[in-house]
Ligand SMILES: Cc1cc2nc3c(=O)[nH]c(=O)nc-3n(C[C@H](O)[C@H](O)[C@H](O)COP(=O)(O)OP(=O)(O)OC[C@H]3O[C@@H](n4cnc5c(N)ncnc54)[C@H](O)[C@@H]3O)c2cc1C
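First comes one chain, alone, set out as structure tokens in the form predicted alone.
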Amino acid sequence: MHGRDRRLNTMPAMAADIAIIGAGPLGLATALALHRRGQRPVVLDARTPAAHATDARILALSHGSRELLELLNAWPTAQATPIRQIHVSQQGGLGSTRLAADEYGLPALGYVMAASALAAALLQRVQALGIPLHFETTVGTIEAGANMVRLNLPDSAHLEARLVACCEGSIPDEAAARRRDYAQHALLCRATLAVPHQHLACERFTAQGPIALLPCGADYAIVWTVPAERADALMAAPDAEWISALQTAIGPLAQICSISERARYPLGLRMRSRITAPRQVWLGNAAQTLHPVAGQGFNLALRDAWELADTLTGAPDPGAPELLARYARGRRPDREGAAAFTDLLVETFSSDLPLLPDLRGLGLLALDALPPLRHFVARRMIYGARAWP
């Protein structure tokens, strides 16, 4: 991209129907979904184009998300590792269950890939469609008027649009209706294995928090939840100590040979009290931040983008209050359901209170013995609120 294309100083006002802040995977997917529904988006990002290639995050995508990305012609097949089975168990207790893709007539329950790979596929599609994309463009203040919204940019430049979609950023305390600090951190690593994973993902619940083992190429991408103080010690420990502690937690699920790409981040629940304001809408982590258990976060964000595009299909004024109110109402069941689902899992499975291990075991046994219940949970993970009757 040429330097003159990265900034908006010479861009005339009213260059877009919708200004999207953030050119990560969610922002790019939102641009594609809106373009597909007849809107004219422009994407703004403060980072350089090279920043996307160095995004080290690993994404767990449901089969439902694959379906949405295929409709956008942006599914990177070669970079996706399929999850064909999911094994759910608890450490030191009875009860387990297994979900299999062939029970649902699907090629996979989900997929694992690098965020950089998905961003590259989405970026290629955005560029092919000629959707304006401007890196190194920091948005300052946002001023909403009756018919337009003004985005103030560096060097006294500005952009006017009918709607601003915020696809990145955190939720400030004053905007959050629900806040919960789990006092946990997610430890991330990539693990080489003694025995191939056979496209099996594992969710292991321990008294300190859940552990997810996600097939990623020939390795496992691991999301390991531990108390914050233990995260400090493990991040300072050598690999051998980390592997020993992790192997103890996962038991016989996998034999780890080595690890790499260690990282951490704190865990909490935040729900924005309102996901719309005059001429403005928040999606993904800017609207809700969930615990990573069951891998709901980015899949929920993609459904945010898809429903926004559906709501604004062909609308001459995409920032009209009645449209934004309809979008907020439509997203409520999925958002609240995902937050409640992940919070319940953390609350139920991250405790060693008396009798809870036995009750958890009975719950897992019930899932395994009652196919309708198991299928409901599986479809909820795959499709979100669309799984509900």
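The numbering used is simple: start at 1 and walk along the sequence shown. Here the structure is a predicted model, which is why all the values come from computation and not from measurement.
One more form of this protein exists, namely the form predicted in complex with the named molecule; it is left out here, but the text below deals with it.
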{"item": "Listed residue (26, 69, 338, 346) with a non-hydrogen atom within 4.5 angstroms of the named molecule in the model of the complex", "value": "26"}
{"item": "Contact assignment for the named molecule in the model of the complex, among 107, 169, 314, 238, heavy atom within 4.5 Å", "value": "169"}
{"item": "In the model of the complex, residue 63 touching the named molecule (heavy atom, 4.5 Å)", "value": "no"}
{"item": "The named molecule contact in the model of the complex: residue 138, any heavy atom under 4.5 Å", "value": "yes"}
{"item": "The named molecule contact at residue 18 in the model of the complex, heavy atom, 4.5 Å", "value": "no"}
{"item": "The named molecule contact at residue 45 in the model of the complex, heavy atom, 4.5 Å", "value": "yes"}
{"item": "Whether 82, 97 and 200 all lie within 4.5 angstroms of the named molecule in the model of the complex by heavy atom", "value": "no"}
{"item": "Interface stretch in the model of the complex with the named molecule - options 271-279, 123-131, 175-183, 287-295, non-hydrogen atom within 4.5 Å", "value": "287-295"}
